[in-house]
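As a starting point, one isolated chain is supplied in structure tokens, in the form predicted on its own.
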């Protein structure tokens, strides 16, 4: 019998499975797709390699959570530090997000001059620095008593950041800047959305500051694509099962039965990397269904439309761009297109002289479920995004070797998930209402971007670290 069955190989699932295995616990990792990583995987189409969604790694530096977890597993990835982390293109302006505060301030003051710029960005910088140097807190949902005790561990954080937890970010920005023009606000909103997965009007200023300060931390390009991280983390695991979808889970006395189409697996503990609001369908037990069903309201239906390209070019490109236009693209929730390029020396993902490109924009899953002319709409948005990308990055039609796209429905087909980006920590979805990594059901746990703490590598790894503590491993 397994000690731990981990269902889903996204950032959280693969990380905790690799950690448990490295610590000597009999663990198996189950993945529906042929690639590990979920919406952060790397895949092959038409003989070309692409990152499916996530394209950057943050938090891999001394003292940060991602590096600490990788060190515990005994895994050292092949990375390239990126600075600037991203280049933002808006109305002919080019704004690199440099990690150095003074270097960034010089650019932002030139492109978006405002007398409060230094004060504002210094505040963002300092809040990030203070938050990532704070530890000792954890979060449990096992019982009301354990939740109450765990919330007390946040006292130092609340003492440090109290005034920012209860300030709406949009209101704070308006008040702080004494009025802010639309272009500068769009510049801020695009960066908030890509990290926090929510608009400033929906989150508190503390979450907003962490989103805007994301690029003040080290960010990295991963050689061989993001999938290389998952292959590397799981390389020494004894039991990794790809193309193995868990169809049903039964709770027994002291253990669980997990069913695939071919076999039945027994495990003392189950860790789900599925979304918290879709996990109920795996169980028949009413107690477990009711626990997960109460979180179905957290499904914001937010997702991504993806554009994948291979181009042949001798030009030098930054690793990441964000292209901001004045109005939302059709069938999307955003004015901003996020574009990532492979490194020109990374021949694992693209041959010499070629680039692999992943571009993404926020959309709503329901747009695609109700569209009677799905294929035509998909093609139209693909062409709109391609036109914007080519215009802003000076790419010619003759340079495009391959071009495909994906909707939320595409992700649902491959990884059983159409909502992407996880649950934003909004004013309505905050402690103590956030689902934790443990549950009131003995031996049943969750990890990933829809439970504590948040999305992205640092956010999900905070949840992995929290789960380690709750499991006492």
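Positions refer to the first chain, counted from 1. Keep in mind it's a predicted model, so treat the numbers as computed, not measured.
As for the form predicted together with a small molecule, it is not shown, yet the points below apply to it.
Student: Considering non-hydrogen atoms and a 4.5 Å limit, which listed residue (405, 426, 409, 56) is close to the small molecule in the predicted complex?
Tutor: None of the other options qualify; the answer is 56.
Student: Give a yes/no on whether residue 70 approaches the small molecule to within 4.5 Å in the predicted complex, heavy atoms considered.
Tutor: Contact with the small molecule, no.
Student: Test of understanding: in the predicted complex, would residue 245 fall inside 4.5 Å of the small molecule by heavy atoms?
Tutor: Yes, residue 245 lies within 4.5 Å of the small molecule in the predicted complex.
Student: Might residue 32 be said to contact the small molecule in the predicted complex, defining contact as any heavy atom within 4.5 Å?
Tutor: Output for residue 32 is yes: heavy atoms within 4.5 Å of the small molecule.
Student: Is it the case that residue 465, even though its partner is missing from this view, gets within 4.5 Å of the small molecule in the predicted complex, heavy atoms only?
Tutor: Taking the distances in the predicted complex, the answer for residue 465 is no, it never comes within 4.5 Å of the small molecule.
Student: Contact check in the predicted complex: 274, 360 and 458 versus the small molecule, with a cutoff of 4.5 Å between any heavy atoms. Do all three pass?
Tutor: Yes, each of 274, 360 and 458 comes within 4.5 Å of the small molecule in the predicted complex.
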